[in-house]
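The data below hold one chain only, encoded as structure tokens and taken in the form predicted alone.
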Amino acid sequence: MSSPLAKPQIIAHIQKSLNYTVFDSKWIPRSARFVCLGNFARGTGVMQIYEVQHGEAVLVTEVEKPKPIKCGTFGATSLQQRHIATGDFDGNLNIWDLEMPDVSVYTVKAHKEIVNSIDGVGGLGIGDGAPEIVTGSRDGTVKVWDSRQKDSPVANMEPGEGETKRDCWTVAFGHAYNDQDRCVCAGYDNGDIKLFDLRNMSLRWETNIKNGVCCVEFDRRDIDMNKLVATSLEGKFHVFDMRTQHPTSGFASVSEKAHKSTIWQVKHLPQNRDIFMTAGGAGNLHLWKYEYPAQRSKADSDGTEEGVAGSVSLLQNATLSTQPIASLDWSPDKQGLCVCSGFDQAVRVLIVTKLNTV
């Protein structure tokens, strides 16, 4: 019989209480530092940089901004610059140089309302193509930005004439495996998931998971689409196999009722795309592994290829707080190192062990 310690363990290494509501936390690539983004009770935004030193999180920089900051990404920056792109409550997209964070190096009024979600691609020496940023907003639009182009987005996905505007809660890049191809996946408050093909400027696929979509993420942004995880308000998540698209039934998927509450976040392990962590509304984390089926596609009765979904198994879970964990980010450099923040106004650095053996 295997001992409990043979499984991965989720260890809270550092816990730091904050004097503001923190919405997002991100590791700074190639460093022992992370950024926290949020808002003070007085209604202003805050950006803090912490450095992990001898088992402590030491505050390095703190800057106050006019508007609360909702989300951030390093996905479109170079490793030399390591600029963070953020979306705020006023609909602004800003890019900051963390060495000099007082003034943004790029700013645009991206949306009429709050930027709920942001993702970047083409940076950090990963994958091909131009560095681009995607933002999703309460105003119902999803926009793609190139920081070399001022004021106007390179793509704008908005509801057509007469369609009701749905609150876009989450956006993610994927399929960026060469210079031309790139997709954006967006999740909405009514359960819609839409996959936009940026090369053809078309809606490639859509489905509805019957519950507000809190988070979507591809297992890798820079490969031919492999898997997509979508999490929902009611504690369910769906894993779609994105390799085979059937003309009528779309992509095959497996769903799991994981948490008793909202699953706020899903993040794939950078060093192993088949392992991912979900963060829940009851302050818990679940670590999952996806197992592929023996055959990933089969022919239907008409001879058309359709996908076959695999299965997910729970590796470990841990309860860190009584409040929701709203953000989660794996370190791109150290396997198993992760930062998360919650609505208990705390940020935690976690160590997840034994990830190389699962």
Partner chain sequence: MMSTGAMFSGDQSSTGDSGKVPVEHLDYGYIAQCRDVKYLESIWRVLSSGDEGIYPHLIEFCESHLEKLDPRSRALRKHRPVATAASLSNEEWSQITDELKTWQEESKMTQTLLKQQSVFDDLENINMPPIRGSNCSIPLSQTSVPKEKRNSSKRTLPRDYGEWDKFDVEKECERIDGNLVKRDPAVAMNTGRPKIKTTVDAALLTEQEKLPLANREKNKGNEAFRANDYEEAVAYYSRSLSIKPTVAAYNNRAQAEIKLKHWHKAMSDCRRVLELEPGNMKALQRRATVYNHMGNFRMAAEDLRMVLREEPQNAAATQLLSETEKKMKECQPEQQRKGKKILIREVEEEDNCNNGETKAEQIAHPVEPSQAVGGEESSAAPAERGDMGNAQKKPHGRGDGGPHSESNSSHHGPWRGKGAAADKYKVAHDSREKVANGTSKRGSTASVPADQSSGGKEAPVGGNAEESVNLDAPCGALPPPVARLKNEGNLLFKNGQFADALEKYSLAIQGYTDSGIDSPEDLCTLYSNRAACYLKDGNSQECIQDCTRALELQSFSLKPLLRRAMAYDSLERYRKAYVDYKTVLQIDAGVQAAHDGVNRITRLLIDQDGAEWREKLPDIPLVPLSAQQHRREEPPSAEVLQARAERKAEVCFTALKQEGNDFVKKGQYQDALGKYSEGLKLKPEECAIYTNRALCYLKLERFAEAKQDCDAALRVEPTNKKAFYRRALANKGLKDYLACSSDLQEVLQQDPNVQEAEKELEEVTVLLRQSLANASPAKARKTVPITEVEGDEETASASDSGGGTKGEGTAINLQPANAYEFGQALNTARSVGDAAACADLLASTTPEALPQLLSTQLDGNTISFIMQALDSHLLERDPNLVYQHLNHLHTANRFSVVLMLLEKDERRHMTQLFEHLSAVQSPEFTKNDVQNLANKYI
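Quick caveat: nothing in here was measured; it's all calculated off a predicted structure. Residue numbers count along the first chain shown, from 1.
There is also a form predicted together with its partner chain; it is not shown, and the following applies to it.
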| property | result |
| --- | --- |
| One stretch from 208-216, 85-93, 250-258, 110-118 that, in the predicted bound form, holds residues within 4.5 Å of its partner chain by heavy atom | 250-258 |
| Touches its partner chain in the predicted bound form: residue 67 (any heavy atom, 4.5 Å) | no |
| Close approach of residue 298 to its partner chain in the predicted bound form, 4.5 Å, heavy atom | no |
| Residue 314, heavy atom within 4.5 angstroms of its partner chain in the predicted bound form | yes |
| Interface membership of residue 203, its partner chain in the predicted bound form, 4.5 Å heavy atom rule | yes |
| 156, 197 and 222 each touching its partner chain in the predicted bound form (heavy atom, 4.5 Å) | yes |
| Residues in 18-48 with any heavy atom within 4.5 Å of its partner chain in the predicted bound form | 27, 30, 31, 32, 33 |
